[in-house]
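This document opens with one chain alone, in structure tokens, the form predicted alone.
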Amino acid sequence: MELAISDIAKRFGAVEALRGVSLTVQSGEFFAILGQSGAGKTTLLRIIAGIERADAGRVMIGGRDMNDLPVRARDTAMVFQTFALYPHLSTFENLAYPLREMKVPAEEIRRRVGEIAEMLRLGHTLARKPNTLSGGEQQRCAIGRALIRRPRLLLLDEPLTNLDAKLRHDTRAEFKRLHRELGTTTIVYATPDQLEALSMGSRVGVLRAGRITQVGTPFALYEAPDDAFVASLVGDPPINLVPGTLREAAGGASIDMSFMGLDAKPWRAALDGFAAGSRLTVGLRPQAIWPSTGNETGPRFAARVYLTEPLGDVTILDILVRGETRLRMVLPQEQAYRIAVDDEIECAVDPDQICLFAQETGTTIHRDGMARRAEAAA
């Protein structure tokens, strides 16, 4: 079922929760909404479900205007962050509750509960109450209660927030399996976790302060962010953002930072509208920095290791440049184990992985030809 949202606005007193949100989710798509706490994710999902009413704008589901339709008429289901299971009912009765409300015959209820329990691996819990279930089982029970009505649109509001790290990892895989088995069900998944959004969503919409700032595939958001906010939100560890200044010289334009200079040639066309002395922001992905071998032709700089964070197969290194600029880099463990805190190292940067932003607005300054490639990737 296709979902089309246009110019949705919602205000709670002095707080403007949503400001002209528009997006389209294709039928059968797994679409993730990524945003920090307070961005408006829950409000948007509640408006789609019909729990909240928008102040302005339109919600279309399957080509039908939903603005004046109640929750029950929308053929949607929503799973909340808190699961909201009935504590006095067994797993069977929690799953059966929506069907009993719909006056479904008892035999059909038993059959459909059995199907859902098998799909979600809950068959062994049907006689148990929610307080005896694990976090993952409670979460699957909440999803099953939403799915048993066979909605064509499923809304998930931060459903993994209350689970531990291992269970979140396992459940991400379960969601992808579930989406594949459901076939035609459209899923909209709201989360503040970029790992969840990028690993599960076929496309991701980034929501910031009530506005959609960019929609694209996970690859497009990482490789070609529209602004510094998206660049800092997508990627782990986050991108290093360093102030720079545009300089003009006889040999051509350059971008000067306190510890390193960059040739501005890759951005020559986009920088035509910027005067010498313009303030820029340079984005250096942690994965694009490594200890120099001395053979690199790109930019290099000296640094001191401030902190190491071993993570098993990789290590995150916090480095200080000229005693004032703190950067992060990621190295394979077999390379990082030789480096210790307070070591002085020379670092090289992959120039092809450098992002450039206008400091005043945060918007991306695309490399020559990159804007067209970014549109294709999205």
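Counting begins at 1, following the sequence as shown. Remember, it's a predicted structure, so these values are computed and weren't measured experimentally.
Heads up, the form predicted together with a small molecule isn't pictured, but that's what we're talking about next.
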| property | result |
| --- | --- |
| Gln81, Thr171, Ser254, Ser292 - the one with a heavy atom within 4.5 Å of the small molecule in the predicted bound form | Gln81 |
| The single option of Pro70, Pro332, Gly38, Pro310 touching the small molecule in the predicted bound form, heavy atom within 4.5 Å | Gly38 |
| Heavy atom contact within 4.5 Å of the small molecule in the predicted bound form, the stretch among 30-38, 311-319, 60-68, 336-344 | 30-38 |
| The small molecule in the predicted bound form: contacted by all of Phe12, Ala17 and Thr43, heavy atom 4.5 Å | yes |
| Touches the small molecule in the predicted bound form: Glu137 (any heavy atom, 4.5 Å) | no |
| Contact of Glu158 with the small molecule in the predicted bound form (heavy atom, 4.5 Å) | yes |
